[in-house]
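To begin, one chain is listed below as structure tokens, in the form predicted on its own.
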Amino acid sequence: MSSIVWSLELAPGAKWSGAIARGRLVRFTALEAGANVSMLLYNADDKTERYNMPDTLKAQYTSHLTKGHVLMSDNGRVLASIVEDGLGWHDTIGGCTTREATAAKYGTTSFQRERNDWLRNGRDNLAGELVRCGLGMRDLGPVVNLFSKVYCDEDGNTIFVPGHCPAGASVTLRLEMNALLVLSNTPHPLDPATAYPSSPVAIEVLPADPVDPATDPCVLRRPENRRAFENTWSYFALLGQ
């Protein structure tokens, strides 16, 4: 894999947002077991376009995300593709934690009392980063929970799978559009662990090889994927990019 052009270690409870150019890889690596990174994606050049969870799952006949899947926008384009994945399952139906749920599960903390050791939650983390990016709470949509596995049983119960993410697990996205990523390294809301998870996650940005439509597994996975890629390529062709 090519040289790393940027990297960051996202500490437990931390948040981050930033724009990353299309044609780059973003590799996430869990530095300890039990990681969960909640992620929002937007078109960095037009933030009214953002990740669409229902269309992503419906178009690819799946309830989870792994290598070969794409993350579709609400305009039918591809924001990112999953090109490498050591876990085989990432959740996008479980949502993110709230302040109330975090306090109920792990105990009430506050910045005024615990300072930087207070237990952060996904909703507040993402909301804070959205404001930094010129967005707001109404722009908070479904998240992708990297490293977490959630499924529904025969009775319709939503089940979180403990122990799914070992230390060193990684997943790599290839950005198909200039994308704004908004991240929160906070527990999955269904994680039954009674101790606040504390896995740092490494984030690395690397150049990606050009997409070959004739052989690329993400393009070829479903006819719906190809159409979404074609919409994306047309978007940039019309912009002269």
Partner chain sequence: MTVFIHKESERRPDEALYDHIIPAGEGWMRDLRPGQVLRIVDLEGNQAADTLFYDAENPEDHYSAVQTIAGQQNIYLTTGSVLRAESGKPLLTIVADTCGRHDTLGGACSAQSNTVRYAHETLPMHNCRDTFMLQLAKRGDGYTKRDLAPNINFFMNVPVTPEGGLTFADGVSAPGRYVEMRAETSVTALISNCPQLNNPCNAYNPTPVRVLIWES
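Numbering follows the first chain given and starts at 1. Since this is a predicted model, take the numbers as computed values, not measurements.
Keep in mind that the form predicted in complex with the partner chain is not shown, yet the notes after this line are about it.
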Q | Whether 10, 17 and 178 all lie within 4.5 angstroms of the partner chain in the predicted complex by heavy atom | A | no
Q) Though only this chain appears here, would residue 120 touch the partner chain in the predicted complex if you measure heavy atom gaps against 4.5 Å? A) no
Q | 4.5 angstroms heavy atom contact with the partner chain in the predicted complex for residue 152 | A | yes
Q. Are any of the heavy atoms in residue 52 no more than 4.5 Å from a heavy atom of the partner chain in the predicted complex?
A. yes
Q. Taking the shortest heavy atom distance, is residue 84 within 4.5 Å of the partner chain in the predicted complex?
A. no
Q) Out of the stretches listed (205 to 213, 179 to 187, 55 to 63, 29 to 37), which one is close to the partner chain in the predicted complex, meaning heavy atoms within 4.5 Å? A) 55 to 63
Q) Which of these residues, 162, 168, 136, 107, gets a heavy atom within 4.5 Å of the partner chain in the predicted complex? A) 136
Q) Considering only 223 to 241, what residues come within 4.5 Å of the partner chain in the predicted complex, judged by heavy atoms? A) 224, 227, 228, 230, 231
